[in-house]
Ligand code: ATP
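Just the one chain here, laid out as structure tokens, in the form predicted on its own.
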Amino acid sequence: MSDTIICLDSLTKSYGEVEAVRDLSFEIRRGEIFGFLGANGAGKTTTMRMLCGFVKPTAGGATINGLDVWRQRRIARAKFGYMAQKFSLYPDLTVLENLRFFSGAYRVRPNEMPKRIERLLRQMDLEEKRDVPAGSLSGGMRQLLALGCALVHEPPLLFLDEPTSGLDPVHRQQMWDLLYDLGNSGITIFVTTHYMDEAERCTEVGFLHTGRLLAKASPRRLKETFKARLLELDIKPVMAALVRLRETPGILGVSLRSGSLRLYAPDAERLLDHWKGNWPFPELTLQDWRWAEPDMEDVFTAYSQGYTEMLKPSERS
């Protein structure tokens, strides 16, 4: 059996003159937790809906387990579970009734249905909510129920469209703990998100920007693509400094991180050496400085804003 479970080949979707997804080509291996990251409107959901056979590609194609996602979509759908971005279950049905309904829709054998449902109720921490209408659940509980319904037929692949959007930190962590357990059991997970910190939780990450794939690798490998150092400054007043530094030659961008300013510059060492001898901003007070390690937000900023001077040439998109 091939190690590849999902294969995209020049996958494209246009709506009139607008290209929502542009020429995507990559593969996802079995057992990965693949994070598909990008801002709202980047094309993440459109890509997922094409892979699930809900939307017909304009050009190119994709396969799941060797099955064409459009021409063989009815067969392919049995190979994955899908959790939509918005709550898409039946609010008037109870938790138990929703699980039973989706068990039937996925053609789970009647003799296997009860034990699967009981296992999912325990796994999703919904045993005490089994007789509660889905529409009256909290946001976190609704997401857990939706995940349970997507898993009821024990698929080898899960598509999760922003499963933690709108959740509080406790339920976000609970959701990711469940995803780790599922990944450890051998299920491949394709998850979209716009939270950069969630990229750190994935085994592999793809960055999407205006429908194009900017980069795809493990989080560690992506952070290693930086060749320029990231300089953090403690300056007062901080907001005035942020505006002033953004206008300074040699600086590509500035972000505010925990009260400090992080500079995106091709040669931050030269800037710092110059500032140590001649601080050019008399209205600002430099209190401290340090070198910072890049995180996934820095990676996405560099790729999406075109800060190619900061990246290794072989790694640029």
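We number the residues from 1 along the sequence you see. In this text the structure is predicted, and so the values were computed from the model without any measurement.
Although it is not shown, the form predicted together with adenosine-5'-triphosphate is what the next lines describe.
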{"property": "is_contact(residue 35, adenosine-5'-triphosphate) in the predicted bound form, heavy atom dist at most 4.5 Å", "result": "no"}
{"property": "Partner contact for residue 41 in the predicted bound form: adenosine-5'-triphosphate, 4.5 angstroms, heavy atom", "result": "yes"}
{"property": "Distance check, residue 162 to adenosine-5'-triphosphate in the predicted bound form, heavy atom within 4.5 Å", "result": "yes"}
{"property": "Touches adenosine-5'-triphosphate in the predicted bound form: residue 45 (any heavy atom, 4.5 Å)", "result": "yes"}
{"property": "Stretch from 282-290, 45-53, 256-264, 269-277 whose residues place a heavy atom within 4.5 Å of adenosine-5'-triphosphate in the predicted bound form", "result": "45-53"}
{"property": "One residue of 212, 119, 223, 194 in contact with adenosine-5'-triphosphate, assessed in the predicted bound form (non-hydrogen atom, 4.5 angstroms)", "result": "194"}
{"property": "Answer option from 173, 218, 136, 85, heavy atom within 4.5 Å of adenosine-5'-triphosphate in the predicted bound form", "result": "85"}
{"property": "Contact set, 13-27 vs adenosine-5'-triphosphate in the predicted bound form - heavy atom within 4.5 angstroms", "result": "15, 18, 20"}
